[in-house]
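This document starts with one chain, in the form predicted on its own, laid out as structure tokens.
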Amino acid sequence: MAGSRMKLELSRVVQGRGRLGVLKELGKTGQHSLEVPGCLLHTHLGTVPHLTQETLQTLSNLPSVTQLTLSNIAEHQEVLEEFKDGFRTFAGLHDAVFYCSLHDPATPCLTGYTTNKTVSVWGSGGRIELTVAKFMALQKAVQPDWYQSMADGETWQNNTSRKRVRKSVDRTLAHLDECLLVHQNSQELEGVEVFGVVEGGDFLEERVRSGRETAKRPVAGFCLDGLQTGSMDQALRTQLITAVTKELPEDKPRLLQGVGRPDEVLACVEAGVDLFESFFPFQVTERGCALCFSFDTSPDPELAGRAAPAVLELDGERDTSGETQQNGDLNPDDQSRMTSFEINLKDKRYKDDFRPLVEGCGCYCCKNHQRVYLHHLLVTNELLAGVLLMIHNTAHYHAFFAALREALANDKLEVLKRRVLGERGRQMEINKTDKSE
């Protein structure tokens, strides 16, 4: 594509699929880069929920790419078109690199509103129907650095028929061709990258066909859609991703939509995924919880050059009144349920717990406050609770990705998996060994 500059440089491929590298020359001037495997910065209209830009800057090692969603922006189209200088200038985020997706991964998306010519997004004022012309007009108004092509992604439910899935793949390819045609003739989008969307539901043949056909188009990368948490079990997701990535070029990034739980991230990285959306910390914050899982792979933190966070919880202590579920036991119809990677600070057990959320965590919340204070803020409905939790959850989640990259670089991926997955991870390894014998 004319003006394409984004480059993926892989430094290592582990076990044939897990990829370690850097996505380079991002942004209008190409001065930004993003390490992979990694994630985007989840925002609502360019702002991380609960945090001001000043508060956000207290966190280190944040992703260089910020995610925007048309579901939030579409209702402001007229304002942006009148402004003319794009969302970056409009929001005062002059140094940000923006990726624009269709839907907000943290918000459930209603189905049944897609036609051959349109898709729908939901803003605060209700449903907004998008044709390719309106979709591309929005991209011209936003002027992102890269964006997801328009796609029919309503095939993630388990009972979707093969005919409906096939139609989804055909529609998505047709939308991509139309978007590319408009893009290539648009001066406003010069130098902007397009990611093609791979659909296919839970049908292997359609997934492979979608990946193969999308790879024939002049796209800078790929969005793997319809594989989100709750739509299928991890074994099937891994099988589909593995099959699709074989059809995709090695030198272009793969972004997985709607998956954020640490156990699922690990499995998907092993299957060949490079990038994720970081909506999971926001979901954890919204339910009054704190991320509290271990990912230290170094037996001696001082030798590793940093003090690794130490989780204070015992596995059994996290089971709060039946709310916590074991990894992989998420209700398919509900992504808002608490997971085994977090603690529920509304629980009465924390009303006299004077420990930090995670011992050794360097975030502002853990250095300055205790669990008892977070418990007090939550039960009294103080807004500061969301601020402090979002600071910690964002820091902890991005530190996990840093540990993941370090594990890939140092042949410690299996160690990291055991740390993150706990006893369940050890049992998985035992089962794997038994099968190989």
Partner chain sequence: MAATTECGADVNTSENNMSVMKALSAASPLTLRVVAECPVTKARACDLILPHCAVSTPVFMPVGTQGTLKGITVDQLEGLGCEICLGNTYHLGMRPGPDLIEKANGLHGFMNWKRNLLTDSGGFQMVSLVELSEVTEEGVKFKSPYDGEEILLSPEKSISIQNSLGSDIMMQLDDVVSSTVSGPRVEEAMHRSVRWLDRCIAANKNPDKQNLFAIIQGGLDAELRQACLDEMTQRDVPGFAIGGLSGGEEKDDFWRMVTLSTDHLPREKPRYLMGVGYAVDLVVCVALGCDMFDCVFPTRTARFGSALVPWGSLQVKHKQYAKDFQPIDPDCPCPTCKRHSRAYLHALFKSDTAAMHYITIHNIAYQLTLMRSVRRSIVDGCFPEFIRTFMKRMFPSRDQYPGWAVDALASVDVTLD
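Numbering follows the first chain given and starts at 1. Keep in mind it's a predicted model, so treat the numbers as computed, not measured.
Quick note: we don't show the form predicted in complex with its partner chain, though the next part is all about it.
Trainee: Since the chain is shown here on its own, which stretch among 22-30, 400-408, 59-67, 40-48 would lie within 4.5 Å of its partner chain in the predicted complex, judged by heavy atoms?
Mentor: Flagged stretch: 40-48.
Trainee: Would you mind picking the one in K351, R337, R162, K246 that has a heavy atom within 4.5 Å of its partner chain in the predicted complex?
Mentor: Only one option qualifies, and that one is K351.
Trainee: Heavy atom within 4.5 Å of its partner chain in the predicted complex: which of E188, E75, E205, D177?
Mentor: When its partner chain is considered in the predicted complex, the option within 4.5 Å is E75.
Trainee: Contact check in the predicted complex: F90, Y373 and V387 versus its partner chain, with a cutoff of 4.5 Å between any heavy atoms. Do all three pass?
Mentor: Yes.
Trainee: Please run the contact check for H369 against its partner chain in the predicted complex: heavy atoms, 4.5 angstroms, yes or no?
Mentor: H369 belongs to the contact set for its partner chain.
Trainee: Given that its partner chain is not shown alongside this chain, does E82 nevertheless sit within 4.5 Å of it in the predicted complex, heavy atom to heavy atom?
Mentor: Contact with its partner chain, yes.
Trainee: Is Y364 close enough to touch its partner chain in the predicted complex, meaning at least one heavy atom pair within 4.5 Å?
Mentor: Because a heavy atom of Y364 falls inside 4.5 Å of its partner chain in the predicted complex, the answer is yes.
Trainee: Please check if N116 has a heavy atom lying within 4.5 Å of any heavy atom of its partner chain in the predicted complex.
Mentor: Residue-level check for N116: no, no contact with its partner chain.
Trainee: Does any residue in 110-128 get within 4.5 Å of its partner chain in the predicted complex, counting heavy atoms only, and if so which ones?
Mentor: Residue within 4.5 Å: S124, and no other.
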